[in-house]
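Below sits a lone chain in structure tokens, taken as the form predicted on its own.
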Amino acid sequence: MKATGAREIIANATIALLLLAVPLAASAMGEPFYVTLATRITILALAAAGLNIALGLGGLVSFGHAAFFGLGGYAAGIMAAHAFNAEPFFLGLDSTTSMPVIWLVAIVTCGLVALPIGAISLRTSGVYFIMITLAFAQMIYYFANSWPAYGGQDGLPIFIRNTFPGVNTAQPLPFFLLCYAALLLALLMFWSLRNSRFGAALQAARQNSVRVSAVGIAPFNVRLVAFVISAMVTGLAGALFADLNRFVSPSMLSWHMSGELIVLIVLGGIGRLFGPVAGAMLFVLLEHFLGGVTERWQLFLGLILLGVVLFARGGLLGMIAGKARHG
């Protein structure tokens, strides 16, 4: 095993154990705030891990993934609101507060929305792809803003956190463990895709789509599948984020959120397995500790991001492990 690969495996394991150990210790010491902070890191890392499938493997710089993050959140919020008011959800179907059902609805909804968006957007490339994904996200954002049935620009509260069989989701630690398990499953899926024939075709299409077409593989189809899978994972993160805050609003759909997800990946390392996790940890910790000192904490984030782009193209994990992306 190459030294770079070994260093990245060690770094990945350290990040995974640290993210698990801190909330366990905080819960044992009666500090639920830090458990919630770790949960926020985990959910943002999950959302960025979804985008990393499209961006890191496929080279698709989507500036509209907030649309799927927000749609997942609204799926959780709307179903919770209907269940709270004892109203049918859709076509007379009963609503529910069961997280597995809500997650399924969020994932399927995001997949169905991502399919036409991807089919149209992937007919472009470069800056045009960036702008058209942004345009679709802004359309959904303004629709949610002007949808009075579900709060409009004021958002939609979730009065009681949704439930999971056998788990007390009202308690911070059990809810964190659910989110942590979802993150590990998403990372496992990313690793499997990256090391599969599909992943090889996706990465080849990123490098030279003409040569991929020459060997009988349709780059458009491969990219579309990756885009849809990416959206579905990000939608699951949105549903969890809504439950964490017990609130969903159009801000989850804004272009700022799309930018944050890209920043997380760039900070941690584009295409790296634990890149989104490392980026989310740095982002949330900067937001928490520097945000308590100054309202302009984003200035320091910007300086760090500038340093990464100029001097550490592989992100934080690239600084540790070198150029290899395996681990």
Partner chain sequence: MRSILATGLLGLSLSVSGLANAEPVKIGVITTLSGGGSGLGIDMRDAFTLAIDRSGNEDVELVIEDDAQKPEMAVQIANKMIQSDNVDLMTGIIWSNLAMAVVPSVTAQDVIYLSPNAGPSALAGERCHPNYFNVAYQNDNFHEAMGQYANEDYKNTFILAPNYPAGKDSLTGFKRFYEGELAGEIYTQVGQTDYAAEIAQIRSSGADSVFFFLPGGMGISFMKQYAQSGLDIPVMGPAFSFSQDVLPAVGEAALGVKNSATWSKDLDNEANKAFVEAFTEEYGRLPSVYAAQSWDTANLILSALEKASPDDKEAFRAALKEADFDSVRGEFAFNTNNHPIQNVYIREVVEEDGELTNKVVATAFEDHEDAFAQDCSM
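Numbering follows the first chain given and starts at 1. Between two forms, the rigid core is defined as the largest C-alpha subset superposing within 1.5 Å. It should be emphasised that the depicted structure is a prediction, and the values quoted were computed from it without experimental measurement.
The form predicted together with the partner chain exists for this protein as well; it is not shown, and the discussion that follows is about that form.
Chemist: Want to guess which of 144-152, 219-227, 102-110, 183-191 is within 4.5 Å of the partner chain in the model of the complex, heavy atoms only?
Modeler: Checking each option against the 4.5 Å cut-off leaves 144-152.
Chemist: Taking the partner chain as it sits in the model of the complex, is residue 205 in contact with it (heavy atom to heavy atom, 4.5 Å or less)?
Modeler: Contact check for residue 205: no, nothing within 4.5 Å of the partner chain in the model of the complex.
Chemist: Using the partner position in the model of the complex, report whether residue 241 sits within 4.5 Å of the partner chain, counting heavy atoms only.
Modeler: Yes - in the model of the complex, heavy atoms of residue 241 and the partner chain come within 4.5 Å of each other.
Chemist: Just to confirm, residue 157 within 4.5 Å of the partner chain in the model of the complex by heavy atoms?
Modeler: Answer yes; at least one heavy atom of residue 157 falls within 4.5 Å of the partner chain in the model of the complex.
Chemist: Check residue 171 for me: does it contact the partner chain in the model of the complex (non-hydrogen atoms, 4.5 angstroms)?
Modeler: Residue-level check for residue 171: yes, a contact with the partner chain.
Chemist: Hey, which residues along 114-138 are within 4.5 angstroms of the partner chain in the model of the complex, non-hydrogen atoms only?
Modeler: Residues within 4.5 Å: none.
Chemist: Classify residue 34 as shifted (yes) or not shifted (no) between this form and the one not shown, where shifted means its C-alpha moves by 2 Å or more with the rigid core superposed.
Modeler: It does not reach a 2 Å shift.
Chemist: Does residue 301 count as moved between this form and the one not shown, where moved means a C-alpha shift of 2 angstroms or more after fitting the rigid core?
Modeler: Moves: yes, 2 Å or greater.
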